[in-house]
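What follows is one chain in structure tokens, specifically the form predicted alone.
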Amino acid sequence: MESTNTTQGNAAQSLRTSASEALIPHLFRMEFTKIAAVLCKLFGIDHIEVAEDIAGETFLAALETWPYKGVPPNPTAWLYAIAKNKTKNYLHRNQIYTGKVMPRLKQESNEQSLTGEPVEPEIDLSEKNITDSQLQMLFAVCHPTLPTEAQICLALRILCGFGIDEIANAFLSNKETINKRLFRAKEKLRSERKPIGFPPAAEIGQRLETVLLTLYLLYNEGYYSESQDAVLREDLCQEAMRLTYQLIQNESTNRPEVNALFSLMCFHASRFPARKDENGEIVLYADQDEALWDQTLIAKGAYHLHQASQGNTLSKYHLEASIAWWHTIKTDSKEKWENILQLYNRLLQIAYSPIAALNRTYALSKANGKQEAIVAAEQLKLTDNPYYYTLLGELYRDIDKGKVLSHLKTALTLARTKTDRKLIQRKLDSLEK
């Protein structure tokens, strides 16, 4: 009997450990940045590390408790309660409380504190305050006194929960450079003590550009992750969409370019159900089952693209969203690819990028034929990019099998993720049969 009880106890322990191991990384990705943003707003931007430390200690408590006591019925509420308690303990024992936070709390609550008793801090982790804090922090770290790349790095790190590897991938850089950039940016903000909040109306446009680029990179990391070797990380995409939509909900930031970015996100998200097969492997656009596409999200994207057309603004998000809209029409047609090609031409004029140039050559092949596209593609000379060689392999199909094999083998050696390697290997296997 004792052996049976021991076995049952071990099994229960194993189940608790398994449940917590699966849940905590997900909650860390979704909740760490929310807690850190609220606490940073409370402490001030010059105490970013304190906010991050308390948020980290909160998840450490979950790691130490949940495998043994089980996951609580409401894990998020449990985390918030622990974060509140740790924050209050920190404030009461630290000079930051008596020297900075308490006077502000008194002023905000209009208390005279005649008895000299400290004002009990309110750590507001309501959904509204979390969103407000995140957006205000986004604008605070996207301050023009910092270089643009530093602004984006800081926002991705503090407000989007990116690891150093993920930021380095986003910037095609290395960890050492990113760490130095983050350190200098934090020191700059600490020394200047910039307030956390929405900027004056005259400054919103300037800062909004960097905020939108940050959200765009957050979405891209979810849509295609090299750092996590994942086909799709929907939690990142959903978080980017949530924050972008909150900008639309705010009167001062409900601008055409914001609607255009949200539209772009909707169009891409509409294909998520068709983007992976039953084995979790990527399904390319041409092979996707159109019946699985989310028509509600497509309609929402079309609505916000229409909203984006109000006024005279034309951003890269307008053009990318328009390209994505044409991709919601699965059937190939001359009209479709000619429109996509013209949109890429305009995009390269206002926001050139090697990836956009590469994508244009595919549209060119569909609109004008492979021979013209091959000439344009080979002029790009993106010799360190696996997608360059994958595209060339596709363009030479039915023209020169030897070049197809050569380009795909080169792409395989350059591929950075297991997903890409498997996809390229399947193409090679089909050719070598």
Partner chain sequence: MDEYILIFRHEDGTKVASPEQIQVWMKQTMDWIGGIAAQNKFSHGNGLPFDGAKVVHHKGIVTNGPFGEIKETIGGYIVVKAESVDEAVEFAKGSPVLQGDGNTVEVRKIMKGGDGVH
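Computed from a predicted structure; not experimentally measured. Positions refer to the first chain, counted from 1.
The same protein has a further form, the form predicted in complex with its partner chain, not shown here; the description that follows concerns it.
Undergrad: With its partner chain left out of view, which of 345, 254, 310, 333 would have a heavy atom within 4.5 Å of it in the predicted complex?
TA: The residue in contact is 345.
Undergrad: State the residue from 368, 65, 406, 385 whose non-hydrogen atoms include one within 4.5 Å of its partner chain in the predicted complex.
TA: It is 368 that has a heavy atom within 4.5 Å of the partner.
Undergrad: Counting any heavy atom within 4.5 Å as contact, can you tell me which stretch out of 396-404, 51-59, 373-381, 31-39 lines its partner chain in the predicted complex?
TA: Checking each option against the 4.5 Å cut-off leaves 373-381.
Undergrad: Looking in the predicted complex, any heavy atom of residue 285 within 4.5 Å of its partner chain?
TA: Because no heavy atom of residue 285 falls inside 4.5 Å of its partner chain in the predicted complex, the answer is no.
Undergrad: So in the predicted complex, does residue 352 come within 4.5 Å of its partner chain, heavy atom to heavy atom?
TA: Close contact exists here: in the predicted complex, residue 352 approaches its partner chain to within 4.5 Å, heavy atoms only.
Undergrad: Spell out, yes or no, whether the shortest heavy atom distance between residue 360 and its partner chain in the predicted complex is within 4.5 Å.
TA: Yes, contact at 4.5 Å.
Undergrad: How about residue 338: is it within 4.5 Å of its partner chain in the predicted complex, going by heavy atoms?
TA: Yes, contact at 4.5 Å.
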